[in-house]
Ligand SMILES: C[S@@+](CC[C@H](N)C(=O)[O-])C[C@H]1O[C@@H](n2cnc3c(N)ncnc32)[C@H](O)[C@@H]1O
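Below, in structure tokens: the form predicted alone, a single chain.
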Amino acid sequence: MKAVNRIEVIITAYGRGPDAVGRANDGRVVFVRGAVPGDTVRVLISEEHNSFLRGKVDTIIKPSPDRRETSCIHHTRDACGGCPWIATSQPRQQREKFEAVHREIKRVDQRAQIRPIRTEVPEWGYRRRTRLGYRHGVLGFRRRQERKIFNLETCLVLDPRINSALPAIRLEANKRALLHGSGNLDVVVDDHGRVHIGGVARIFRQPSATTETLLTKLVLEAIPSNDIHVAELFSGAGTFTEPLIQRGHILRAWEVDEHSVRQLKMRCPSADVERLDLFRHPARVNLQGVDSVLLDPPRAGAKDCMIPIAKSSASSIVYVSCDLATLCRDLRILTAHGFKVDYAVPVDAFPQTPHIETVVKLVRSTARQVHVQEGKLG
């Protein structure tokens, strides 16, 4: 929308998303792109509504103690929306993320223990996988809230090997553009340091090797070693399946992506693997006789799987989530059906962004176990 005016705002916090927030003199909330909590800024207003305003930083009047300089050329040009927190110090980013998980999980279950945020993922060069768009000879990411692609020169959060491979990726994109005009290219660095364009790059992997190692450790800690039968929903290519089998668990796994299923069956031939769209057919999941349920859904969460999980014989659930809002929505269903949140572990897997991974362990309450034994669940 057309900018309507400029106002001075003291930024007090981050909202539930990439923008920081403050209040206008008339009391309305102002969502400000490019601001850092603690800033005093002049804001160029782009949207005006009855209860809130939206805009971007026009002038920094007084910088926050948590503001830092950034060397990202695309951020400086206001071209990329991929790292909206890049001007915020790492300790402040991590504090904001911990507080968000603490606030939202406690709203679901006040008894839950919120463990300290895990911060092993490096600030820069951590992303081993990405998706780049191409159109009319331009290769890169899309601008914030736009379909328009800007030409990527380098990215500070991408694995340096992907940055080095950009010329080769650009050549491949140009070939495809001759056939398709525009599209996306998945790129990944494998465990041997090789860069793949398309093909295996389409298979889901955690954004960094550090994240994968850490989440695997947290999952193994959360699932009791004496819970023999484990059901894994949204198993992917077996990030968690393989180490669980190596520890002696018997696995049933469900995944919709055919490439991931094929790889999972090769990696874990002893697992009972079924290709299934869990969003369309959640009731087809057979959870009889399982001791634990593990799930790692996409950002949409797994709302329709919650009742089948609650009706299962599982005494514990481990939920790995990359979206706090859908996680809490799903946890509310489980807590309404006899589970309690034991603990949650925030993981800062996406530095420079508001995104966070969370590993949550739930256990059945004693009363709920009685109901299950009596056949009263439902």
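Quick note: we count residues from 1 along the sequence shown, nothing fancier. These numbers were taken from a predicted model, which means no experiment stands behind them.
The form predicted together with this ligand is left out here; the points below concern that form.
Visitor: Indicate whether D257 is a 4.5 Å heavy atom neighbour of this ligand in the predicted complex.
Guide: Although this ligand is absent here, D257 would touch it in the predicted complex, with heavy atoms inside 4.5 Å.
Visitor: Quick check on D159: any heavy atom within 4.5 Å of this ligand in the predicted complex?
Guide: No.
Visitor: Do Q206 and this ligand come within 4.5 Å of each other in the predicted complex, heavy atoms counted?
Guide: Looking in the predicted complex, residue contacts with this ligand include Q206, since a heavy atom lies within 4.5 Å.
Visitor: Any of the heavy atoms of S292 lying within 4.5 Å of this ligand in the predicted complex?
Guide: Close contact is absent here: in the predicted complex, S292 is far from this ligand, nothing within 4.5 Å, heavy atoms only.
Visitor: Of F150, W85, F234, F98, which one comes within 4.5 Å of this ligand in the predicted complex, counting heavy atoms only?
Guide: Result of the distance check: F234.
Visitor: Just one of V121, L278, V108, I114 has a heavy atom within 4.5 Å of this ligand in the predicted complex. Which one?
Guide: Spelling it out, the residue with a heavy atom inside the cut-off is L278.
Visitor: From the candidate stretches 236 to 244, 86 to 94, 185 to 193, 162 to 170, select the single one in contact with this ligand in the predicted complex, where contact means a heavy atom within 4.5 Å.
Guide: Stretch 236 to 244 is the one.
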